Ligand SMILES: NC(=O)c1ccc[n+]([C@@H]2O[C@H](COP(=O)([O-])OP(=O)(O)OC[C@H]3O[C@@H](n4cnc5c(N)ncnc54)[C@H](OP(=O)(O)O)[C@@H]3O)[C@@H](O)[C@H]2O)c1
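Have a look below at one chain only, the form predicted on its own, in structure tokens format.
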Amino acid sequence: MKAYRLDDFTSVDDLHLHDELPPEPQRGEVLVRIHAVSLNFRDIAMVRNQYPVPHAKGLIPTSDGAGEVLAIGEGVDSFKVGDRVMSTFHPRWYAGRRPINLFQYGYGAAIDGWLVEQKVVSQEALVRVPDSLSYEEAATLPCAAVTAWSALNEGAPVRAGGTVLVQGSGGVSIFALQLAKAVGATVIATTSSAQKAERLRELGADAVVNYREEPQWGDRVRALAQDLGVERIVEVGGPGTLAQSLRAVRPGGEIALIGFVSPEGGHINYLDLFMSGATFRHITVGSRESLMDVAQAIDVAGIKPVIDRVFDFADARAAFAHLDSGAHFGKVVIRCA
């Protein structure tokens, strides 16, 4: 069996392929033949040694995978051989309030992840793949789709007629755009590329702001939202975008704090923070229940995950490098079988 391990945190060259013994499922466990894995920004952050959660060297990276059940252990009653399944991002967060020990079980950070040909997983850490999705499409859901779902539905859910701002064209932002449009919300997107702007419009964005042409894009977003500001911001940039998000948000709106894709940023003006009246909600992906909910929503609405490019298993390093380049639109996927 082939498995990739990240032996250090200096570059994608630290990702090495290993020959390992195939695992066997024990009681309550499922053996999965992995067909596809998708990459997230956290995987690049680990390669750069910039991931803010403790992460160990030598682990199999990645958190998001989909595959076929090859065998089941004693006592497994949720799945049978041949079922199509996908991972949950947090293997020990089933529903409800976030567990306090969440990061002790993070794939690729604290325990082995999914960039491997076969993996044994607890039956409680898997969800069925909707019939409408391929393995490659299903592999994009566990982190990006669940994060977008949590950003739009934790607290007061976004409803028809609501206004949402998404930043850029990564996996979380595109899923947020698709899910928000599915419930009838107005969506404004930011990007730095005219070509990406056109593709965002094709996906349903009602307006797109080029942040390179308009560095003070927060004021432009507010103007586009009837000079009131948007009700929900899916904040993936972090330090580099939060100051403008404060100018774009409607008084009493919500900023869902998700990532740090833009790590370099200016000073946050306290008065802007105070006067925004915004609620700041920390999003840490979501639970198994959330994955089940968003999978059902995607299936019913007929949403197709946007995949930028699919790499072969042998080209995993190239997949990481492509994501790191920032040239992608949507998700980067590795086909394992």
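Everything numeric in this text was worked out from a predicted model, so none of it was measured. A residue's number is simply how far along the shown sequence it sits, counting from 1.
Keep in mind that the form predicted in complex with this ligand is not shown, yet the notes after this line are about it.
Colleague: If you check in the predicted complex, is Thr147 within 4.5 Å of this ligand, heavy atoms only?
Modeller: Flag for Thr147 set to yes.
Colleague: Can you tell me whether Arg42 touches this ligand? I mean in the predicted complex, with a 4.5 angstroms heavy atom cut-off.
Modeller: Taking the distances in the predicted complex, the answer for Arg42 is yes, it comes within 4.5 Å of this ligand.
Colleague: Within 4.5 Å, heavy atoms only: does Val294 come near this ligand in the predicted complex?
Modeller: Flag for Val294 set to no.
Colleague: Should Ala180 be counted as a contact of this ligand in the predicted complex, where contact means heavy atoms within 4.5 Å?
Modeller: No, Ala180 sits far enough from this ligand in the predicted complex that none of its heavy atoms falls within 4.5 Å.
Colleague: Any chance Thr88, Arg92 and Thr140 all have a heavy atom within 4.5 Å of this ligand in the predicted complex?
Modeller: No: no residue has a heavy atom within 4.5 Å of the partner.
Colleague: At 4.5 Å between heavy atoms, only one of the stretches 244 to 252, 154 to 162, 190 to 198, 128 to 136 reaches this ligand in the predicted complex; which one is it?
Modeller: Residues of 190 to 198 come within 4.5 Å of the partner.
Colleague: At a 4.5 angstroms cut-off on non-hydrogen atoms, which residues of 140 to 172 are near this ligand in the predicted complex? List them in order.
Modeller: Sequence-ordered list: Cys143, Thr147, Gln167, Gly168, Ser169, Gly170, Gly171, Val172.
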